[in-house]
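Let's start with one chain on its own, the form predicted on its own, as structure tokens.
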């Protein structure tokens, strides 16, 4: 599933292609996404100029000159790409806009593709509606200031849940998913099974710092591609080869040489080193 670094990479790659461009002629497939959407729902975006591409956590936003716009959630298999109109749309393309105007590449479309249809393209009408949606999430893990770090530490230490599960809670820190939660626990040298309430202040600080570190690494390497994830140009990320433990079951730990292990935790795979993360 694309996480904060992947969505930020998509945002950066789409920025030069969409900023200042006009989105016109929306088309929507008959197959429903997680939140059903119709062409009529996108009428306020039709013919509007893109003024901003923003992100919080795993949520990507496209704002237009009219004050509203659309939120895009990539879900598990979603892709948001700009492609030539001459290129046939991929199977499972659900939303399309023509991209035109100054700065836009001639004859291109913005396309949302999602084979499993867990993603969303949801319009918001104004800044108030936008702020309400963003306010449901905790601090953005890729943009933490000192106050945000303190908030995340308090929320981590206030629960008896396992720290791996707490990191997946978007109300605690936005943008962390299964990949980067496992990586952050390794970097902080903490067992993913530890209860949040068992962390002392130094351990909580180390874990928050590790979250920032692994997310920033993900952005530097343009995201982690295992199957579906690509950026806005259709290019795969390179972060997979830089991961410490995720999807490395049975391989030697890069720090100590012990074997990386996998367990099922909260219905998700957790990867860790039993020696480094006692």
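What you see is a predicted model; the values in this text were computed from it and never measured. Numbering follows the first chain given and starts at 1.
There is another form of the same protein, the form predicted in complex with the DNA; it is not shown, and what comes next is about it.
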Review point. If you check in the predicted bound form, do 16, 106 and 232 all have a non-hydrogen atom within 4.5 Å of the DNA?
Key: no
Task: in the predicted bound form, residue 58 touching the DNA (heavy atom, 4.5 Å) - done: yes
message = Would you classify residue 8 as touching the DNA in the predicted bound form, given a 4.5 Å non-hydrogen atom cut-off?
response = no
Would residue 73 count as touching the DNA in the predicted bound form under a 4.5 Å heavy atom rule?
yes
Classify residue 268 as contacting or not contacting the DNA in the predicted bound form by the rule of any non-hydrogen atom within 4.5 angstroms, answering yes or no.
yes
Assert contact residue (the DNA, in the predicted bound form, non-hydrogen atom within 4.5 Å, options 34, 63, 248, 27) equals 34
Exactly one listed stretch (123-131, 156-164, 139-147, 187-195) reaches within 4.5 angstroms of the DNA in the predicted bound form by non-hydrogen atoms, and it is 156-164
Of the residues spanning 107-130, the ones with some heavy atom within 4.5 Å of the DNA in the predicted bound form are 115, 116, 117, 118
